[in-house]
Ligand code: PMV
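Quick heads-up: it's one chain on its own, the form predicted alone, in structure tokens.
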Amino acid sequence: MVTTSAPGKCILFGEHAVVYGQPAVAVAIDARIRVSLEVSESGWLIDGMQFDKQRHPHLDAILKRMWISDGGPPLSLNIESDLFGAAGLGSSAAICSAVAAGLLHMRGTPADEMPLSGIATTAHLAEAEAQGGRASPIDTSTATLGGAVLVSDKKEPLAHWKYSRDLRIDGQRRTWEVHSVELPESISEASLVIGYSGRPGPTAQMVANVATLLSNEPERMEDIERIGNVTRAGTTALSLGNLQAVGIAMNECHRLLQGLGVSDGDLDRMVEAALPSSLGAKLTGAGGGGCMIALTMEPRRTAEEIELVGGRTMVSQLGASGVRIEND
């Protein structure tokens, strides 16, 4: 048996604007997905049940790409998750990354020689296949590399370029440049409190709503560009360990996202509840449900305030380790 794990993620800056070529930054969080794989004599199984491709399109895509196409035997997979389900925390990307690493290890790749860019690429392709051809590499790159990841349509001088990813979407080739953001030790002084609204965020619907808004009011593209500028300023602050400036950038991102109509009452209530004890707070991901995050030096107090207005919480450091083999 091989056991692997990969982290979930939160988007710190840049959601929605990244669709229009602006940068976005995600951080890996302590909550992880763990996957155990072993050869099965009872056919394909997932968590002890018969594998259903329709229920698990991400797994189906990555297994076909990395295992079944090479004649690999049926496997039994068991998945454990620390993440809130369907909450925009990158659970499917973490599963894809963890499974890809596990399959490579079963094929003989040593744990300390995992080809991270290859794992991220394979996981991204599997996500895209499962999502009808549309997927950004930010989730799979963060799950694989860990730490903090910046994705943009160009190489950004404020982060360390790692690799390029491209994908044909609706007949057009889309290219992303994936970077890592170096996090100083001082970042560990603060915590990230994640508040879950209890409702999944409808990503496709929210992206479509923003597209309609921009089509009807083209001048609102200035807000998209402002989010890009805030993301770059926030990334610089993050790499310098300037926590106050990171919080300011988070607050400004949330204000701009509110203006685009992607926040909602639950998210705003949690953000407002967190602000008195936080350096900054904002929604994370698509909006319309899902999660918010707060950067804080008082995680217990901040979590309690979020819970008082109905949120479910978890606490994490910023920049957890990426995909890894657990039982080598």
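Residue indices: 1-based, along the sequence shown. For clarity, every value in this text was computed on a predicted model and none was experimentally measured.
Below, we refer to the form predicted together with the named molecule, which is not included among the displayed structures.
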May I ask you to check whether residue 25 falls inside a 4.5 Å heavy atom distance of the named molecule in the predicted complex?
-> no
Consider residue 320 of the chain shown here, and say whether it contacts the named molecule in the predicted complex, taking contact as heavy atoms within 4.5 Å.
-> no
Though only this chain appears here, would residue 122 touch the named molecule in the predicted complex if you measure heavy atom gaps against 4.5 Å?
-> no
Using heavy atoms and a 4.5 Å limit, would one call residue 286 a contact residue for the named molecule in the predicted complex?
-> yes
In the predicted complex, which of the listed residues (116, 248, 207, 111) lies with a heavy atom within 4.5 Å of the named molecule?
-> 207
197, 191, 136, 152: which sits within 4.5 Å of the named molecule in the predicted complex by any heavy atom?
-> 136
Quick check: do 7, 36 and 98 each get a heavy atom within 4.5 Å of the named molecule in the predicted complex?
-> no
Of these, 28 to 36, 296 to 304, 52 to 60, 278 to 286, which stretch puts a heavy atom within 4.5 angstroms of the named molecule in the predicted complex?
-> 278 to 286
Could you run down 8 to 23 and flag each residue that has a heavy atom within 4.5 Å of the named molecule in the predicted complex?
-> 9, 11, 15, 16, 18, 19
